[in-house]
Structure formats: C-alpha cells, structure tokens
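This document starts with one chain, in the form predicted on its own, laid out as structure tokens.
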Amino acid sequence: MSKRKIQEDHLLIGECISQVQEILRERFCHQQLPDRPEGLEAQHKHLLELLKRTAVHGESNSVLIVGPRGVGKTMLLKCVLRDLLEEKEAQKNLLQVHLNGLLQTDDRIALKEITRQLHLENVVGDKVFGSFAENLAFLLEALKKGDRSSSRPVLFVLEEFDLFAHHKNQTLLYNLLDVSQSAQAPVAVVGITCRLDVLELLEKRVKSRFSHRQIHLLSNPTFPQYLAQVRTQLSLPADFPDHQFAEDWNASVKTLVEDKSAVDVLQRHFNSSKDFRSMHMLLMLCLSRVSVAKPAVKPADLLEASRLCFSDAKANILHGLSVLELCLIIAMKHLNDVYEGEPFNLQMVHNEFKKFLQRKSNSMYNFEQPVIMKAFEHLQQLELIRPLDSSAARIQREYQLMRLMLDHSQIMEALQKYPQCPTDIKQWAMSAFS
C-alpha cells in the first residue's frame, strides 16, 4: 500500500513538473505583455495620446521611439496598441502596417508589403505607376470611405528605422512623412530605432517633414531590481493547481536568489547585459535541468546555464579541429609572439611547423604541402584566420598575409579540452606560450 502511495505521489510530482515547464516556458518564450509597462508610465501616456489623435480624431503624427536593444521599445508600442484598440472607434477604423528595415531592404519590397498588409492587391492589379509617391497616393485613396469625405487612419510602424534611411533617396521615408504633414489622409508614422544619432542620417527634405517628436527609453535597473525580476519570472502563480508544490517551488526560488554563488552568477549577467531576453535565455537553460528527480532550480544549475551562455564559440570550434590544424594554429601563435603580432603567410607557418618536426626523429606529422594548404584554407573558412586586405586575391595563396583571430587563453583552453591531444604537441604549445 505504501509503495503504491509513494508511486502516486511520484506521478503527481511528474505532473506538477510538466505544468511548471509549460507555464515558465510560455512566460520565457512568448513574453506576455504587462498590464502597465513598469517605469515607462509617462512614455506610455504620451504615445497613447498621439496615436489616439490619429485613430479617433483623424490627425496625422510622426514619432520616434529611441533606446538601446532589449529596453522595451516594441513592448511599449504593443501595450499602447492593446490599450488603444479597446476604444470602439479605433478598433473599427485603424489599419496597421508593420515594416522592418531588416526585411524590407528596398522601397519596392516595402511597397509590396504595404499593399499586402492593407489587402489592396486586387485594387492595384496590373496598374503601372510612374513613381513611388503616385503608388502610395493611390493606396491611400483606395482606403477612403464611400462618400470620399474621409479616409481610414493608417498606422505605419517602422522597426529598425535607421535602416530605411539607407534606402536610395530615402523615398519611402520622404513620402510617408510627407503624407503625415499634408491633409491627404490621417497617417501616424512610428519609427523604432536603437541609434541616438538617427536624425543625422535623414536628408534635409525628410528631416523637414518629420515632427521631431522623440520618446527616449533609457531604462537602467539596479541589481536588487534585477534580482527581484528573476524571482518574479521563476515564481509560480497563485492559481497553480497544487498549492503545496507551488509554495515549495516559490520557497526554493527565494532561497536561490539569496544564495551567494547564485547572486555572483546573476551579478555577472547583470554586468554583461541588463535586458530581459538574455535573462530569459539564462532562466530557460536552468529550467531545462529541472526533472522529477530534481524538482527545483539549484545554484549549480544556474552556474551551468551561465557557463553555456558565456561559452566561447571560437574555443568550441577549436575542439573539433584536426591535429594538423591545431599544429598550424600553434605555429601561428609562435610567429605572433616572435614577430610581435605582425601578419604571417602559409610559407612562414609551414617553416615554423618544420622546425617542430625536426625536433622529433620519428615524427608521425610529416604531411605533404597540398594537405597543409587544405588545412590552412579550412582555418580561413572557419574565420580563425583572415586575410590582411582584400587585394590579397591577386597574390599567390602561399604568400597571402594573414592574421590570427584567436588569443592566448582561447588556444590554451582548447588544448586542455582537446580529446587525446598528443603530449609532444602540448609541450610544443607550452614552449611557444611561455
């Protein structure tokens, strides 16, 4: 009987762990919008009023939201739009067009995307337009109501706004801002960018049509606030089905954020990046280590997750190199030390490698020149070495000048972790680095 009871309890824990995984993964991966953006109340109010004037009163506006990556620019806009669409008139009339500078790389692609999002493909059909302005004017004209007296308000959201400034003649920006200045149609243009100098990128004619309204988000949380946020993100809600499990879990989270080793790990992350995405990445890695056998996040899990977050990609590449490629990298490092960081070519590296071979009477590392050339090219493909300049293409491959893109610590770490690294290569590396 007791065995069965233990088994049932075990199953219950299994179900609880599944629900914990589901709730927290949902929280980390599909970031839910907060009821009110914390610390951004003034900016929220300002942006909501601006967009309300366009959506309800038909007044055109333009505004830039500026701030570093991960500070909450898009989240602020989404919160404002959610609150705006609670108004019946805005919900009924407002049209939205979302463009991204990384996706819409030129004005032709952007115009196609505007047409698609406004559902006007059939209206445009096979019409040919003389200019971008003519095409945009036609689209906005098509949105007018039956009596032609008024047009539906359109919100244009331009993410990565600074990239649109690199389009030829800045035609898209010029025409959108020109429409927002004239009484053609009620249009709101909201730009989102992380560049503080974004106005310097705009042409004079574009700048003169911009309202020069900017909303700056420069959130700078303190470490205690960051810790409180970690605790909130990991805690289970009050309506969790198993109250006892939720209490135990939340108590373990409280213990975790008070543990010295965990606080040190979080301090390192806080110093590296204060944004939510990197925090969620760290907590997601911790969550993946939770199981029935280990139903709580421990400081050791946080330490392991931190190690994965901060792992050096280049050092990891070195673990997969062949012995010959590793030898060539050690020879390059040796040349760097001798010539104080001066560039090298394949011939110099090969000569350095030969010196190592001459020390060994029965060397197993006697490779032909084409094999060494192939290994050298592979290192270049992996971007562990790179040519000094672009004119190198005209020079014979053996004599192209290269630079090593690795430092001392990365090579030493790779040698320590390299599976079954030959002892004589390790000794040669040590002599090269001493």
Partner chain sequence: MNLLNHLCYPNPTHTPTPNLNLNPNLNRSQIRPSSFGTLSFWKIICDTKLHYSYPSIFIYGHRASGKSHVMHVLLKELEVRDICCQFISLDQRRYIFRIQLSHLPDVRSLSQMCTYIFQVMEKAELLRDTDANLLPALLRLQELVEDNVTIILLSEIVWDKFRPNTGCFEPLLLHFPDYSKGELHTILSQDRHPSYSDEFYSSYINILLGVFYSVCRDLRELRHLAALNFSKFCEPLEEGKVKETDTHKLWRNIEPHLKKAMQTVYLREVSSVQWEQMQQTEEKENGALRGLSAHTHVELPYYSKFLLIAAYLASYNPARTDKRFFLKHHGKIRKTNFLKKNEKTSNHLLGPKPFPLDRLLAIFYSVVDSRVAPTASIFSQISSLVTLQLLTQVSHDDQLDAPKYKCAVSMDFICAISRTVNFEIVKYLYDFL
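Predicted model, so just to flag it, every value in this text is computed and none were measured. Residue numbers count along the first chain shown, from 1.
One more form of this protein, predicted in complex with its partner chain, exists but is not displayed; see below.
You can rule out all but one of 335-343, 203-211, 263-271, 232-240: in the predicted complex, only 335-343 has residues with a heavy atom within 4.5 Å of its partner chain.
Looking at its partner chain in the predicted complex, residues Arg152, Gln225 and Trp249 place no heavy atom within 4.5 Å of it. Of the candidates Leu196, Leu324, Ala296, Val124, Leu324 is the one whose heavy atoms come within 4.5 Å of its partner chain in the predicted complex; the others do not. This chain lacks the partner; the member of Asp389, Glu26, Glu41, Glu49 within 4.5 angstroms of its partner chain in the predicted complex by a non-hydrogen atom is Glu26.
Residue contact check for Arg53: none of its heavy atoms lie within 4.5 Å of its partner chain in the predicted complex.
Contact check for Ser409: every heavy atom lies farther than 4.5 Å from its partner chain in the predicted complex. Residue contact with its partner chain in the predicted complex: Val290 places a heavy atom within 4.5 Å of it.
Using a 4.5 Å cutoff between non-hydrogen atoms, Gln416 does not count as a contact of its partner chain in the predicted complex. If you take 262-286 and check each residue for a heavy atom within 4.5 Å of its partner chain in the predicted complex, you get Arg277, Met281, Met284, Leu285, in sequence order.
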